[in-house]
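Just the one chain here, the form predicted on its own, laid out as structure tokens.
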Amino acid sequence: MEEKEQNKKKYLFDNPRNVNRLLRCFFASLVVLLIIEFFVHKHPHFPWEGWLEFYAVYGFVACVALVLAAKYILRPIMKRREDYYD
């Protein structure tokens, strides 16, 4: 039994230190992108597109709306009985 545990393959994200590094890099990149947005001139077609972080909020809201629509609207339509393939 001990042999199996010793021969068990280790993956990159099995080590919590690597996960913390990845999360730090992820959050650092978010901060850098937020800072860059203050210096980049946008050419909005509609006035609300010029708001700070508009596209991030819009994308998040759209993603949540898609998940909720799939769960509460599409699932009852697509769901089959348990014995459908019997």
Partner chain sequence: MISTVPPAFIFIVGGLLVPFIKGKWKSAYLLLIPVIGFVNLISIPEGTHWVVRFLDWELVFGRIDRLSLLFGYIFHLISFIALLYALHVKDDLQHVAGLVYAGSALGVVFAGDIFSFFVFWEMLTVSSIFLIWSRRTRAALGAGYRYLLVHAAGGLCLLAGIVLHVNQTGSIEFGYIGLNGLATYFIFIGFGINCAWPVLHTWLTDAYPEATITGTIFMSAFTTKCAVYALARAFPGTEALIWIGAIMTGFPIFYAVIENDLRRVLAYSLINQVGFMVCGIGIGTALAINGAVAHVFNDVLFKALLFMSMGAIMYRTGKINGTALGGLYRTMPFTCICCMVGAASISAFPLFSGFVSKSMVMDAAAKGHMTGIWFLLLFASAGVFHHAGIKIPFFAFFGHDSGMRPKEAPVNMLLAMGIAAFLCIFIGSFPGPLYSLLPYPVDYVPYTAPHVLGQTQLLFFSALAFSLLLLSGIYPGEQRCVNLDSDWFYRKGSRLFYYIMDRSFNGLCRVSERVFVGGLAGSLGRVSRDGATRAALLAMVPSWVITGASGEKLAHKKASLRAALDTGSSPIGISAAIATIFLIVVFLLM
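Superpose the two forms; the largest set of C-alphas matching within 1.5 Å is the rigid core. Numbering follows the first chain given and starts at 1. Values in this document were obtained by computation on a predicted structure and should not be read as measured data.
A second form of this protein, the form predicted together with the partner chain, is not displayed here; the remarks below concern that form.
Visitor: May I ask you to state whether residue 21 is within 4.5 Å of the partner chain in the predicted complex, using heavy atom distances?
Guide: Residue 21 lies outside the contact set for the partner chain.
Visitor: Enumerate the residues of 20-51 that have a non-hydrogen atom within 4.5 Å of the partner chain in the predicted complex, in sequence order, or give none.
Guide: In sequence order, 26, 27, 29, 30, 33, 34, 36, 37, 40, 41, 42, 43, 45, 46, 48, 49 come within 4.5 Å of the partner.
Visitor: Would you say residue 50 moves between the shown form and the other one, meaning its CA shifts by 2 Å or more once the core is fitted?
Guide: No: residue 50 shifts by under 2 Å between the shown form and the other one.
Visitor: Against the rigid core, is the Cα displacement of residue 16 between the shown form and the other one at least 2 Å?
Guide: Superposed on the core, residue 16 moves its C-alpha less than 2 Å between the shown form and the other one.
Visitor: Return yes or no for residue 25: a CA shift of at least 2 Å between the shown form and the other one, with the rigid core superposed?
Guide: No, the C-alpha position differs by under 2 Å between the shown form and the other one.
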